[in-house]
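Given as C-alpha cells, the chain that follows is alone and in the form predicted on its own.
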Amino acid sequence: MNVPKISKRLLAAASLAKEGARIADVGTDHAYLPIYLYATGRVSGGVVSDINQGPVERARANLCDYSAQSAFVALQTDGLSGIEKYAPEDIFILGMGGELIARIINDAPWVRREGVRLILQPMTHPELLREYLSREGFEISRELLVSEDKIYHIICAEYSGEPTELDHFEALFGKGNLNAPSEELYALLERTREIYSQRIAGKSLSGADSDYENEIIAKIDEFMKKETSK
C-alpha cells in the first residue's frame, strides 16, 4: 500500500494517534492524514468530513487512490454533527482558528465521553482554545510545537470533568510546552515579544490599553531569565 507524503505539521499530529484507534478527521480536505495513519498501520479506519462538498469529493478520490476507501466513510457535515455514530476514539481538528475549533467541540457534547481524545491544531488564537478546554473540564495531556513555515501548536486533550484555570501566559504558550522548553518554544517566545512590542508602540500612539501585551512581555522576560540561569 502506498503511503502519502505529509507535512511536518501533520506528521506531528499523526504521532499522537492512539495505536489501532478509529479516528475522525474534521475539515479533512485531501484526507492525507487519515490515509497516512491507515497506510502505516497506526489506525484501523474511521470517518473523514468537511462542511463543503469539494473537499469531501477530493477525500473520496484519494481514499480510492490509496486503497483506503473500505476503512473510511467520507461525510459532508458541519463540524462533528453526525460523526458520533462512527464512534471515533481520536478526533483530529487541524488547520482551523482556535475559536472555530472551540465552537465545534462545544456543539458536540458527546466528545466528553470516556475514551474520546481531541487532537487539535489551531491556526490562530491557541490561547482561546486552551482557555476553553481548561474551563470546560478538558485535560490537556500533550502539547507539541512544530516549526514549518511558521510555528504550529498541537494540543491533545481529553475530558476529565475537572475545570482548571490558566493564566494568560500559560494559555498563550501551553503549560506542556513551558514545562519542557524546546527550540520552537524559544523561537515562539522571541517572535511574540517582537510582535507585542510593536503592538504596544502602536497602541501608545492611539492611547489604547496595552496591559495584556505588557504582561506577556514581562512573563517572557521572566521565563527566559529563569531558563538561562539553569
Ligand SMILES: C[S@@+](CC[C@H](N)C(=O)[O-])C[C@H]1O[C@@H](n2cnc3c(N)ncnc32)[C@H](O)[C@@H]1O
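Residue numbers run from 1 along the displayed sequence. Given the structure is predicted, the values throughout are model-derived calculations rather than measurements.
From this point on, the text means the form predicted together with the ligand, which you will not see here.
Heavy atoms of every residue among Leu10, Asp50 and Thr77 are located within 4.5 Å of the ligand in the predicted bound form.
Note on the interface: of 63-71, 25-33, 195-203, 163-171, the segment with non-hydrogen atoms within 4.5 angstroms of the ligand in the predicted bound form is 25-33.
Interface residue among Val111, Ala157, Leu144, Met96, judged by heavy atoms within 4.5 Å of the ligand in the predicted bound form: Met96. When the ligand is considered in the predicted bound form, Leu100 lines it closely, a heavy atom lying within 4.5 Å. The ligand in the predicted bound form is approached by Ile104, whose closest heavy atom lies within 4.5 angstroms of it. Shown here without the ligand, the chain has only Pro55 in 53-67 lying with a heavy atom within 4.5 Å of that partner in the predicted bound form.
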